[in-house]
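For reference, the chain that follows is the form predicted on its own, supplied as C-alpha cells.
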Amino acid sequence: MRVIVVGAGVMGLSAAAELSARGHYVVALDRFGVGNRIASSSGATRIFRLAHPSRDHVRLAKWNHVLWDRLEQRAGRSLRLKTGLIWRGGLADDVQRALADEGVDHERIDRRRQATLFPELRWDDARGAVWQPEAGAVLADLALHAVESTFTTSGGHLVPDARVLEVDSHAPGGVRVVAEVAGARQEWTADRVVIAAGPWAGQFLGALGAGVQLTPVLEQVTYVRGGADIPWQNRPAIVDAPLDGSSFGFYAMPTPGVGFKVGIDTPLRPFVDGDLDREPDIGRERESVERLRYELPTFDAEVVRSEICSWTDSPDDRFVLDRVGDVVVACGDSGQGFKFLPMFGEVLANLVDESPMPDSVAADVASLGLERFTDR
C-alpha cells in the first residue's frame, strides 16, 4: 500500500515508522523537519505516566507502556527515565479511583511518605497526593530520532521543507497530495493519507467535511539547574493541578544533562500561522521560576534555558484519531501527546491498513473518533 503522511511530528512520524515497518511504501512530508522548534514535538523531555483521572486513559496508558517497551527494544536503548510521579491537588481523587479500578499500583501518600519520595517538595495539607511508580520523563529528542531511524531504515522516505497545499480525497486513482517542496510544486497519489499536521490540522479537516474546532496555542517551559547537592535527576515528576480541576496547572520533571524542567499550564499566546517567533517570554520564565522556588525551595532555580512549542486543544481535550474514507486524521494533542508516541503509531497504522485494535482498548480508541463531535 502507498501511504503519504502529512506531518512528521510525534503522531505522523510514529505512524510512518510503524507503517513502513509493516512493509508499506511510505512518504512523510514535513514543513520544518523532524524535531523542529516551530511545531509541537521538540524538547528534551516529556512526562510519561499511567496516572490519569479517567479509566479509559489509564487503559490506553497501560497499552502504551507495553508499546514503549517494544520501541526501546527496537531502538536498543532506554528512552525513558523511570522516577515515578506525584500527582497533587485537583483530580487526585479521580486519579486514585481510576488507577484502583484498573489494578494499577499506586499509593495515597501523606507528609511522611512524600518526604521519603521527594524530600525537597513542599508539603501542602490542603492538597491530596497520589504516588505512582511507573512514570517519569520520556527522553523526547532521543525518542523522536529513534522513531525517525526506524522509519528510514525500514525504507520510508522523509521529505523536509514540504508545505502541503491540498489533500484531495476524491481524486481518480487514490488520494492526491499537493505540496510545495523547496519552492517547487510536487504531487503524489496514494492509497491512504495520514493527516497529522499539528496546529495546521484544522484546514485539512474542514476540506474533508470533518470540521472540528481545534485551538492551537503556544506554551513555554523552563529548565533550571536543580543543584549539585541534590540528586534531582532521581526525583519524581510532578503534576500539581488546581483544586477545581480546571487544568494540569504546574508540572515538572527531571531532564538528564540539563536540569529540572518546569511548566505552567497557561497558554502564552494563540498560535498564528506564519508566526515563527520562538523567543522565550521573560515574564512567563519568571513566573515559572517563582513557582518552582515555592514548591522546591532548596533547588537551584538558576535558569538554564526556556523553550516555546505549540500544542493544539480539541474541544474536549482528548485526542482526535479517526478515518474518513481513505484519509486518517490525527490531531488534538491537547498538551499531552508525546507520552503516547508509540500508541499513536499503532493506532494510526491500524486505521490505515484496517488491522484490528486490541480488544482491551478497542472501545477506548473508538471513543477518540470524530463521531463524538457530530451533535456539537
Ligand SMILES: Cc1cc2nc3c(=O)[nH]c(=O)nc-3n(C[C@H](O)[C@H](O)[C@H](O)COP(=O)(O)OP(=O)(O)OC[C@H]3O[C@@H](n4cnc5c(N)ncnc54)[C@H](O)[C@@H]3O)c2cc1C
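For every residue, the number given is its place in the sequence shown, counted from 1. What you see is a predicted model, and the numbers here were worked out from it, not measured in a lab.
What comes next is about the form predicted together with this ligand, which is not displayed.
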query: Any non-hydrogen atom of E295 within 4.5 angstroms of this ligand in the predicted bound form; finding: no
query: Heavy atom of P199 within 4.5 Å of this ligand in the predicted bound form; finding: yes
query: Touches this ligand in the predicted bound form: R163 (any heavy atom, 4.5 Å); finding: yes
query: A17, heavy atom within 4.5 angstroms of this ligand in the predicted bound form; finding: no
query: Contact check for W63, G156 and E346 against this ligand in the predicted bound form, heavy atom at 4.5 Å; finding: no
query: Sequence-ordered list of residues in 344 to 373 near this ligand in the predicted bound form, where near means a heavy atom within 4.5 Å; finding: none
